[in-house]
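Okay, so here's just one chain, in structure tokens, the form predicted alone.
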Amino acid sequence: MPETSRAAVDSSSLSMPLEEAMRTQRAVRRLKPDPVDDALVLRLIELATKAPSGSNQQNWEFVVLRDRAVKQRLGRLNRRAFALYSRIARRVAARDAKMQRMIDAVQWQADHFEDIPVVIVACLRGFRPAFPPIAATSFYGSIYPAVQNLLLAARAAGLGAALITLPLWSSVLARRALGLPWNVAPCAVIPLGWPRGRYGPTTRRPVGDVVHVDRYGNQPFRGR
């Protein structure tokens, strides 16, 4: 997207075919500090809220972070969690060049967290049930369809974005950093901005390798 046109982005820029957005969407962590227009951010969140939610409660809340001081508070939490994660991950992936590149990108994101123009924290209003275990799954199932809508809309607009959760390793500290009440649970963090590079092709396992028919292990499409 040309630099001169970014401030004028409107809904017409989201006309990318759905399949193209799905096939080319990927986690983009290296972002420019260039501003992202409020109208575009609101448009992305509006599309996020078109997702289904449990019992149609529509109990999403989206906290949009632009203030550097607030981003710093969340960024510190992110770096504390990543410091532990990176030591383990680099050791495990010592001979995996692809994984090392991914860890480098996450490191860049952690180091430049405050410079990211927009950080969106997706939350759910209500208390997460502790029992039975499936209840917690159902609770979080109300936010992730909305997050995926947001990610696809960001891709269609030419923005870079990624779903991360490391800044939320402590819900108590995250709530304190964001000023959240106890009945609002932070669930996901989406750093958002114009990508420093470009979207490239994604690689995934063949669909036949992940499809099982009637029972696990029965894979008639494997290798096709």
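Numbers for residues come from their place in the sequence shown, where the first is 1. Bear in mind the structure is a predicted one, so any value in this text is a computation, not a measurement.
The following text describes the form predicted in complex with a small molecule, which does not appear among the structures shown.
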Using a 4.5 Å heavy atom cut-off, indicate which stretch of 163-171, 176-184, 49-57, 64-72 touches the small molecule in the model of the complex. 163-171
Are all three residues Arg26, Met102 and Val106 in contact with the small molecule in the model of the complex, where contact means a non-hydrogen atom within 4.5 Å? yes
Find out whether any non-hydrogen atom of Arg204 is located within 4.5 angstroms of the small molecule in the model of the complex, and reply yes or no. yes
